[in-house]
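First, one chain by itself in structure tokens, the form predicted alone.
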Amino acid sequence: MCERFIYESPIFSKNKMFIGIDDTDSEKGMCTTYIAALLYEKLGTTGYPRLIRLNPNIPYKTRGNGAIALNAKGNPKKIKESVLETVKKYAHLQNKKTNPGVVFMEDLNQKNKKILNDFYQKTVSEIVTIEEAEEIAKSVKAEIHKFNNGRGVIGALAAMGARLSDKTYELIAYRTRKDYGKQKKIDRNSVFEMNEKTYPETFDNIDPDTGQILITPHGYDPVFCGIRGNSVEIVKKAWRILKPLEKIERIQIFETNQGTDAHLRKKKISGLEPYDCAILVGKVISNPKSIEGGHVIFRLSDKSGEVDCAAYEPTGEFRDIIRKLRVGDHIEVYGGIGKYPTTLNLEKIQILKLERAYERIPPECCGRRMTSAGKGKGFKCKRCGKKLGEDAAVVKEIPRDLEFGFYEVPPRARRHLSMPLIRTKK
């Protein structure tokens, strides 16, 4: 069932249409970007369609929590009919967790642009309700179409309104329907050749530690591969190097907010809310410890409160960096909050100041280290029998096996929105 809400505006033009779409896929298949690719071909589209990733912590996301937006020219009525027919045909409407939303606007003046961009800024970093989205749609006189419960109107409005101060591009190649769900066939060597010739202008193609290919996601959906890069030219170059070993139905380039840290906001610990994306600055107040499942946890404090920070098992060797932290270290952490604002899931950290570490070792006597005379009883020389008190211990500084600066999770554990350090350096 589709619900329709129309807010008319007398200033709408008759030759340009702004379109936002979200939540057409399910865990069993489809991809909203595929619908965008179909519409890009069918409509008189201007510019590249946008793929806008939203808050990665939201519990009801399908996979990457991505919405799309397009600009089209032509007859408004025909454009709307074409978009809605395509969504009805391809969206997994039979799935209760699939709740598409489609938004149309024929005017985006400066006031509306600001309202929608503010809405995007909230949607990419916090949790937003359907009711809030409907209020925004009403305020900017947008026409919205809701399928099932219509949660997709949130992402559709956000994608339409996103103003990207930093942006990247993704070239997505789509498979033919007969290959959906099958193992993806690609010349492995061509992926490594592509990475060698285009990295760091393309990024997250492979995981250097495991050799895992990251451009071919798993799932019963139309996507064969996705190449992310800093420009249109570089993703095109990368695609020309790749050698698919199966038929490709089509390719589409998207303008995106991926790899930009668009979701992160500086916060105080006391201000954390469920599903926030946050940057926190504070001091380590408990030494890291490993828990069941291979996760590593430590506690961080600022003047407003305390929170646990976690490097989960999939982050691999990043956990080794976290294990080297000590009480008193001053750090900046980047990550996401879950249902309860008690633990931050780490995406990367920055070491700002390291606490000096020391160890107490026994003094020397007769050319060798004395031994303990018992708890709290000082030291004793086994050769001559001489005894010394606890205060005779030699205090020695321990080198810290950490350097100032940033450390990040490996590419295989990186979220779509997280900025790789190679882009930060660039």
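One-based numbering along the sequence shown. Computed from a predicted structure; not experimentally measured.
Below, we turn to the form predicted together with a small molecule, even though it does not appear here.
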{"query": "Non-hydrogen atom contact A162 with the small molecule in the predicted bound form at 4.5 angstroms", "finding": "no"}
{"query": "The small molecule contact at R228 in the predicted bound form, heavy atom, 4.5 Å", "finding": "no"}
{"query": "V102: touches the small molecule in the predicted bound form, heavy atom cutoff 4.5 angstroms", "finding": "no"}
{"query": "T123, heavy atom within 4.5 angstroms of the small molecule in the predicted bound form", "finding": "yes"}
{"query": "Contact at K167, E170 and T202 by the small molecule in the predicted bound form, all three, heavy atom at most 4.5 Å", "finding": "no"}
{"query": "Candidate from K267, R151, H145, K348 lying within 4.5 Å of the small molecule in the predicted bound form - any heavy atom", "finding": "R151"}
{"query": "Answer option from I241, L272, I127, I206, heavy atom within 4.5 Å of the small molecule in the predicted bound form", "finding": "I127"}
{"query": "Residue stretch of 383 to 391, 368 to 376, 59 to 67, 35 to 43 approaching the small molecule in the predicted bound form, non-hydrogen atom distance within 4.5 Å", "finding": "59 to 67"}
